[in-house]
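In structure tokens, one chain follows: the form predicted on its own.
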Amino acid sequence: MSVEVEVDENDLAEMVEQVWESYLDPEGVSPLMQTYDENQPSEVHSSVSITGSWTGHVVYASSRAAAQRAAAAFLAMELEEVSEEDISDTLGELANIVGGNVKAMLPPGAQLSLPQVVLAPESSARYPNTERISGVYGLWEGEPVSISMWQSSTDTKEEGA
């Protein structure tokens, strides 16, 4: 049984801002500029699932160029040195960091999965019986990036039944 999520869009935006300032833009010269466009395109994505006291997913999605830039910043590498494996590792770690922050705000009993990374658009991902409950959508140096939360609708239907 899943509880009502206690993480709202402001909480998620604050978590994303902390990740950006800590890992991707520590000098503060290239912030994520919010667009509030939940339908922006993506070319790669990663996710973690949360089960237990709340059931759902945290998804990080971006353009391939933004993912490569994130890997370069996260791993302190030059952009042209970044490999596919570096991109995959970084995307997984970013989903894991934000997912861990979300889990910390949930009631006891929530568990976080290992990250899943797909070097394909978020639209190729399927999260059956879920609904998007919040998200941060923006541009980073002109490239789309989004972090969204999806809650299982199965649990909420069972509670109302």
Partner chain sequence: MRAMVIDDSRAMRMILKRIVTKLSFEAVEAGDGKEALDLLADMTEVPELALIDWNMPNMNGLEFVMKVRADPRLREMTLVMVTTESEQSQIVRALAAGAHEYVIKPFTEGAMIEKLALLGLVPTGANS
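Values in this document were obtained by computation on a predicted structure and should not be read as measured data. Residue numbers count along the first chain shown, from 1.
Form predicted in complex with its partner chain: not shown, discussed below.
Does each of Asp89, Lys103 and Pro108 have at least one heavy atom within 4.5 Å of its partner chain in the predicted bound form?
Yes, because Asp89, Lys103 and Pro108 each have a heavy atom that approaches its partner chain to within 4.5 Å in the predicted bound form.
Could you tell me which stretch in 59 to 67, 130 to 138, 29 to 37, 93 to 101 has residues with non-hydrogen atoms within 4.5 Å of its partner chain in the predicted bound form?
After filtering at 4.5 Å, what remains is 93 to 101.
Find out whether any non-hydrogen atom of Asp11 is located within 4.5 angstroms of its partner chain in the predicted bound form, and reply yes or no.
No, Asp11 sits far enough from its partner chain in the predicted bound form that none of its heavy atoms falls within 4.5 Å.
Does any part of Glu80 reach within 4.5 Å of its partner chain in the predicted bound form? Heavy atoms only, please.
No, no contact at 4.5 Å.
Indicate whether its partner chain has at least one heavy atom within 4.5 Å of a heavy atom of Val117 in the predicted bound form.
No.
For a quick check, can you give me the residues of 8 to 31 that have a heavy atom within 4.5 Å of its partner chain in the predicted bound form?
Heavy-atom contacts within 4.5 Å come from Gln18, Val19, Glu21, Ser22, Tyr23.
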